[in-house]
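Below, in structure tokens: the form predicted alone, a single chain.
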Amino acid sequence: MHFIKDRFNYLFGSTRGLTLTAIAVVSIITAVWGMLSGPMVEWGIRDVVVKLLNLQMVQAEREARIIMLYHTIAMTIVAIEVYIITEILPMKRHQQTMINATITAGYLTAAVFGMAFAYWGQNFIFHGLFLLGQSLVFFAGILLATALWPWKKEYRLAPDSPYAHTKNGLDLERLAFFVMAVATLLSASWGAVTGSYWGNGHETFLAEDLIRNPFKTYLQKAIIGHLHIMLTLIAVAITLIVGRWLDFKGLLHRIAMPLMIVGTIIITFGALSVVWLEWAHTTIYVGSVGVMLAALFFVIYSWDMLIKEGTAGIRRPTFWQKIKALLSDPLRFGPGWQMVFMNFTVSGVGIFMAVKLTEIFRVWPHREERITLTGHWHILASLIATIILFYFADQSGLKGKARKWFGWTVIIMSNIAFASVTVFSMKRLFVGEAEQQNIVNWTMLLTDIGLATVLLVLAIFMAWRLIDLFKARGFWRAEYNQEIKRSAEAEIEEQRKKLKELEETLKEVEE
């Protein structure tokens, strides 16, 4: 009995356990539903999975199923980021517990009943429970924003702090987290309001299917804005998280945080104002500059830190010694590299499309432009997922050769896959339709190999964590004991502060 109780308490009562559970949920959904598309269709695996799981795959409901699947994965990723934020940022213990419990109940309810509604018949009780799960996730966001409130006295920084702050000690990094949380709540509301009109002026659609429709309803524009900004805010959150993880500070931090705050506000306004303003995309570009510059400053800082750490014992390190130091730890090098690589596969492609939209892309067949947009969003989401894996693998104590093999495999194979997708989506720039088959074959093969390898490495990592759970003194036990210790210390500190406040109050009354 204690065997089950201890592991249940770890998985659902500790931040690391909750994160591990959520990653397992995403991994299972990705592995199973990944069998329904791509080469799995050609190989006949899709039909086997459909029959084995008794999935109801009505073609007319395809868009709705995809939307439900995306929302399920997105909410689980958001939950992972929330767990990490509640662990790395100072907040009261009861706030952390309430936030984590609420979002856990929310994303699990939404995932289970959302997927059941989408793939096992339209039982609207399940849809109602899916909406309940989403509501709990939203409420957890409100609790998080409240806990992150940066103007509290106890969260002020000292005047000589190396982290970005105002003259009166306001922590700008915490403010950036707070702005991100509030923007996410506002952006989620955009989708919720539109969803409330489903069947009453609004019908299911995929954003990439409407790109050449000159007449879009306000509700359709709202969904398009919602789609863009939510993915962007998830990217902002992971950028702030890894900055905290690698102890981003100093001059570049003081420049980056105001840029991140202002950029997040502007880009959120731009994405949501797509509903009404013709020039909204220009606003998005302005906001993106701030966010991308903040990310660039983090990359410069983190790589400089890795080089200095790796060459600390060398008086005058050579260029190759610096490169060796930079590449010595793939898990800490990975986040910065993926952000840089993103410029070639996501940001650069997006900017080029915007500049040459009418001149080049609108001349292409609709299918080609649709492929480019779909690849654009999927690559960004997948890059974010790899950065989360780097963080969690580091926190899981992965060391030695296993750390290097895991890190470099994820970096190299994901980059091969994403680069191949980029070439595939942009192939019309350098090859005609009649001569494209060779490029299509090679890019698809490399994409499948890259993604399959990343998923295989993730499966091995998750299997290691699963095996570890069966050990009496496994790594999970150390994580759980550390969590209990931190919680106890936090509660003692809170009681100490309350006692001090009470003593000060009594002293004032006596005087």
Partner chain sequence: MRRAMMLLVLGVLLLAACAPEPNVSAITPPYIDTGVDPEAWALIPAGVFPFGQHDHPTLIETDYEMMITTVTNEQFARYLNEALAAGVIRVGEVEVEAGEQVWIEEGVAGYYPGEPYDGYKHEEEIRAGDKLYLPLYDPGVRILFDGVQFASIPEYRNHPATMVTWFGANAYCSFYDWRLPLEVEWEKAARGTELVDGRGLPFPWGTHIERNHANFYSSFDLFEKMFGKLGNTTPVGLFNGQSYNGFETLNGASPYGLYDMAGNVWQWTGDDYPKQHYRHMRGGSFYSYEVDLRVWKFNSAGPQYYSPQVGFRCAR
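Residue numbers count along the first chain shown, from 1. Just so you know, these numbers come straight off a predicted model, no measurement behind them.
This next part talks about the form predicted in complex with its partner chain, which is not shown.
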In the model of the complex, does each residue in the set 32, 54 and 454 place a non-hydrogen atom within 4.5 angstroms of its partner chain? no
From 196, 437, 168, 318: within 4.5 Å of its partner chain in the model of the complex by heavy atoms is 437
Using a 4.5 Å cut on heavy atoms, which of 365, 397, 313, 159 is close to its partner chain in the model of the complex? 365
Note: its partner chain not shown here; in the model of the complex, the stretch from 203-211, 142-150, 98-106, 178-186 having heavy atoms within 4.5 Å of it is 203-211
Quick one: does residue 446 come within 4.5 Å of its partner chain in the model of the complex, counting heavy atoms only? yes
So, in the model of the complex, is residue 475 in contact with its partner chain at a 4.5 angstroms heavy atom limit? no
Residue 70, heavy atom within 4.5 angstroms of its partner chain in the model of the complex: no
4.5 Å heavy atom contact, residue 486 to its partner chain in the model of the complex: no
Across 46-83, the residues having a non-hydrogen atom within 4.5 Å of its partner chain in the model of the complex turn out to be 46, 58, 59, 60, 61, 62, 63
